[in-house]
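The chain that follows stands alone, in the form predicted on its own, written as structure tokens.
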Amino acid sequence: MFHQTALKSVTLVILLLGLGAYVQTGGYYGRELVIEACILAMLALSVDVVAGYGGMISMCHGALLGAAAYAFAAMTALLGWPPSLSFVIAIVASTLLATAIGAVSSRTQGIFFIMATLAFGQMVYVMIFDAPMLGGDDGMAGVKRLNLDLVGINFKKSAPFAFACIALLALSYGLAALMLRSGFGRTLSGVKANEDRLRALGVRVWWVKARAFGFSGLLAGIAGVMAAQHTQFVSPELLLWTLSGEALVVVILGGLGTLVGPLVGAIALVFVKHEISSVTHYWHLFIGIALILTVLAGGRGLYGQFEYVVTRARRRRAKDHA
């Protein structure tokens, strides 16, 4: 069950303030790193909702992000629709797609669930890859950004766009926290703990999973729309299963089932990758070693291990004072 502890809140505030400070001091390339980290963090957050709290390991969230990105691109670049309207429709589309995938895949469990979501992700990839109207394997350019000139925000500049990504990351975390603290969130945790018992109590388990998957699709959709606006270009690479794998790696690296852990993992991955890749092309090796060490250390992840150490210290201190 999810609890928004003081430690989670402090960590979240530090991360968001740190990203904001880097936008101010890191220059253009620093802002690009912040945007990349925020988009990956939102995707990882969506994965943690279903994997960490619902027990559903998904390999289609990259396709959900890509589908939202393509929907936004098609509406703005091909149809000429306003970016604000396209933003909403693209997120709704990814939510409905995720709900449908969750409804079907929820009939399976374990490795079969993983393979079912992977199959759906590949189906979406092939459909878009083979669509000449969407640019095929060449992708699609001319994606427009939101126009907030009326309120004095110019999204064509990197700094306002980076701050918008930080704000949406905070919003995504808040929505996820509210959902997990609700009655539905507790039911989702119950499904993960003992699916058969919940089913015996009359709970429609498949519908709980489908709704949770739909909610995670909403978060992935926000990430997808921002990814499309970031480069103002979309390509089938956004839908590859490897992006889903990267998001899952980030969740495990940061801390599965902690909600704030995926943010830690995404920020660490993006910035460490940047530092290591400037020295060697074999940065994947270092990330792989870090992931192996994380799993061997108990699988708690960076934030999860930190939370574990702090909690043990508090209990030991309380026991000494008792």
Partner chain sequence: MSDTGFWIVQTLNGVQLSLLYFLLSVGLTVIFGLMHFVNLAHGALYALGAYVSVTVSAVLGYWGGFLLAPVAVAVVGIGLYLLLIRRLRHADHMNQVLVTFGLIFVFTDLFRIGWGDIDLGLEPPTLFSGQSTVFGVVYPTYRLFVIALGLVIMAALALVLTRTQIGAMIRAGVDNEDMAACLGIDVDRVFFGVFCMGCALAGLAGVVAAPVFSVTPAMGDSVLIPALIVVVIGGLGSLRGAVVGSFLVGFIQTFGAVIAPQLAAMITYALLAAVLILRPAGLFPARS
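Residue numbers count along the first chain shown, from 1. These numbers come from a predicted model, not from an experiment.
What comes next is about the form predicted in complex with the partner chain, which is not displayed.
Gly174 falls outside the set of residues with a heavy atom inside 4.5 Å of the partner chain in the predicted bound form.
Contact annotation for Lys157: none of its heavy atoms lies within 4.5 Å of the partner chain in the predicted bound form. In the predicted bound form, Met127 approaches the partner chain with a heavy atom inside 4.5 Å.
For Phe163, no non-hydrogen atom is located within 4.5 Å of the partner chain in the predicted bound form, even though that partner is not displayed. Residues within 4.5 angstroms of the partner chain in the predicted bound form, judged by any non-hydrogen atom, belong to 116-124 and to none of the other stretches in 164-172, 215-223, 116-124, 82-90. Out of the listed residues Ala210, Leu146, Val249, Met179, Val249 is the one that sits within 4.5 Å of the partner chain in the predicted bound form by at least one heavy atom. Although the partner chain is not shown here, in the predicted bound form the stretch 286-314 places heavy atoms of Ile287, Gly288, Ile289, Leu291, Ile292, Val295, Leu296 within 4.5 Å of it, in sequence order.
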